[in-house]
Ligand code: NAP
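Shown below, as structure tokens, is a lone chain in the form predicted alone; questions about how it binds or moves come after it.
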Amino acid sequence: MKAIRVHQFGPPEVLQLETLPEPMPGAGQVLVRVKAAGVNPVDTYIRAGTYGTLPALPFIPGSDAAGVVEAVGEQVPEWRVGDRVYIGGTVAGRAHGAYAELAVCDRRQVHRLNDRVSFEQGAAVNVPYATAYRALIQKAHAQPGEMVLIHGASGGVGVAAVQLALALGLRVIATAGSERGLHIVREQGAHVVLDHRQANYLDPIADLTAGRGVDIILEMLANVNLALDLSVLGKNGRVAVIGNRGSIEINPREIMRREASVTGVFLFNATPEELLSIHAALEAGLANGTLHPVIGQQFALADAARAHETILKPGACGKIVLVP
């Protein structure tokens, strides 16, 4: 099979297309023929060697993909050859990931992909939508009628968060930083869309909330925005930090006087029970059309290096996928 493999940590150029033996599923495992693989920012941190935990070299990157079941091992009665699926990880973790024509998954890492959802969209589900769900529901404990501010709402996680928030009955204020991004966020149905390229772009929140502030903030770039977030957060508000690329100085008094909370979101800490709950909700949302991933760009598997360069550029819109 063709696969992207990394033999040393470094720049995007270390992503090399190679021919490897085809894997086979063992007991409790499923072999998936990958039709599209999702690219996530965390993939670039692992490839560069800057992530907290790193796989042994060499490794195949990627945790997200969609395709069809190619073969099943013993003790897997729920899957049949030809079933359409999306995956959330592989059995070998980061050592044998999803940037490949074939991926071996534990039966619990395989999820049903409704016929209305394309393989490219399926590859955009796992990390973005599961992260958004974990942040909004499992960590921020969002309730219908609350107001949420979603930063970077045109990216993969941001789009997912907007769709989930609207489905839950939240009032959504969303930000983006390009004309295309602003258009995408409006298309998703956000109630208010703000351009974070503009000075004082959060000023309208005071009027929108009658001075009360927002209930929840989903933060994609905490090292830039966290101090400002606290100034527009309401009493008992919650900030869920999803992304960060550095340090920032904040005044804890802003948290104290609001009796607010700031919590980190790390999908890979989710328990098996929490993941089961997450994907049950996501499968239902995909099936009924509530959730509909937006694809920003597609690259051939051989162009994985270009995909890694693109995903870290400002103004990301939708999900980037690789197509074997």
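Sequential numbering from 1, following the sequence displayed. Computed from a predicted model, the values in this text were never measured in an experiment.
Missing here is the form predicted in complex with this ligand; even so, the following discussion is about that form.
Partner contact region in the model of the complex: 176 to 184, out of 111 to 119, 247 to 255, 176 to 184, 141 to 149, criterion any non-hydrogen atom within 4.5 Å of this ligand. Using a 4.5 angstroms heavy atom cutoff to this ligand in the model of the complex, all of 157, 266 and 311 count as contacting.
At the 4.5 Å threshold, heavy atoms of residue 213 stay clear of this ligand in the model of the complex, well away from it. This ligand is not drawn, but in the model of the complex it has a heavy atom within 4.5 Å of residue 224.
Heavy atoms of residue 205 never reach within 4.5 Å of this ligand in the model of the complex, leaving it off the interface. Not displayed here, this ligand is approached by residue 316 to within 4.5 Å at the level of heavy atoms in the model of the complex. Residue 242 is the only one of 85, 102, 242, 233 with a heavy atom lying within 4.5 Å of this ligand in the model of the complex. Comment: this ligand is not present in this chain, but in the model of the complex one of 217, 98, 153, 124 has a heavy atom within 4.5 Å of it, namely 153. No residues of 1 to 26 lie near this ligand in the model of the complex, the criterion being any heavy atom within 4.5 Å.
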